[in-house]
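Shown below, as structure tokens, is a lone chain in the form predicted on its own; questions about how it binds or moves come after it.
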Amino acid sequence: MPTNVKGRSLLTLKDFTTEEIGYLLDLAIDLKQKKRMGISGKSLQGKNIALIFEKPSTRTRCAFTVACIDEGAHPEYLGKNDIQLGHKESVEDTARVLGRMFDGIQFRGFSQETVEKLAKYSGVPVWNGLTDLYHPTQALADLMTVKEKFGTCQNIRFVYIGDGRNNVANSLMIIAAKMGMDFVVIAPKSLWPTEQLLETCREFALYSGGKIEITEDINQMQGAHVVYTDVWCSMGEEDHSVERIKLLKPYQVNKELMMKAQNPDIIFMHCLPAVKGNEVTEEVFESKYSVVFDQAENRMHTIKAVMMATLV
């Protein structure tokens, strides 16, 4: 086990090394096998975990709750109407209060600055369950799924298509660069990742042997092992839905696009929830290529691994 993981927060995967990410993935795979065998642990017994949610959630909330209970911890759900985070009480003060009562804090909300303040002032590990910039626990579950399907993350051609500058795309590009993958973003130029993040990820890829490509050309699907998409309008962007659908319709994942990969072993991935008929057709979503529900389950195992590694 990497010696410097304990006590750490997971705010963005930029802060974790290739070895540390690899350790979390291996631990998650081991925990999944044990759960399927009916083996549960008590590694988090006596721990109390605060689950702060500014945004609604299915997978993140359920994954953290079940992961806590499986290992003996107590999860406490704190919705946006339950606490005064950033309203009647500053984020800094809320963090200092919660840090004296809880052993770890999960935050799912809007601002990356909020989760960073929680980590800075609480004095306990804080885990980013989603912000507008990053979704690191999703990216961990996605790479776990890739490793299960292909036995490795190295030299995998991973194509992300659609909205290439949302939180999921950002976190996938970071983890792919760290883990030596050939990561391709296919998107209209207006939805490309920021130059700053691209530069950072290309530096990561230099050390891992990975590669980052950005293109508008859907023919760059060729040779893909993975095709990944997400909703065309993220939470809070619903006002842009009409123009976004028009812009991204050529980037829909359909049977014709899947065939461009010329790889019978290709898998289709989506972080869910999906808007079938927009970013992906029902045919592909329900096809043999789809591993979306493996990804959803793996949220629980990777989140459990993160909590155990940083708390125990």
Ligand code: NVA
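Residue numbers run from 1 along the displayed sequence. Computed from a predicted structure; not experimentally measured.
Keep in mind that the form predicted in complex with norvaline (NVA) is not shown, yet the notes after this line are about it.
- Residues of just one listed stretch (192-200, 90-98, 163-171, 215-223) have heavy atoms within 4.5 Å of norvaline (NVA) in the predicted bound form: 163-171.
- Distance criterion of 4.5 Å from any heavy atom to norvaline (NVA) in the predicted bound form singles out C271 from the list L44, C271, A28, L257.
- Only one of V185, A73, A139, L130 comes within 4.5 Å of norvaline (NVA) in the predicted bound form through a heavy atom, and that residue is L130.
- Under a 4.5 angstroms non-hydrogen atom cutoff, norvaline (NVA) in the predicted bound form lacks I83 among its neighbouring residues.
- Among residues of the shown chain, H135 is one whose heavy atoms approach norvaline (NVA) to within 4.5 Å in the predicted bound form.
- Contact annotation for Q112: none of its heavy atoms lies within 4.5 Å of norvaline (NVA) in the predicted bound form.
- The shortest heavy atom separation between S208 and norvaline (NVA) in the predicted bound form exceeds 4.5 Å.
- In sequence order, D230, V231, S234, M235 are the residues of 223-262 having a heavy atom within 4.5 Å of norvaline (NVA) in the predicted bound form; the partner itself is omitted from this view.
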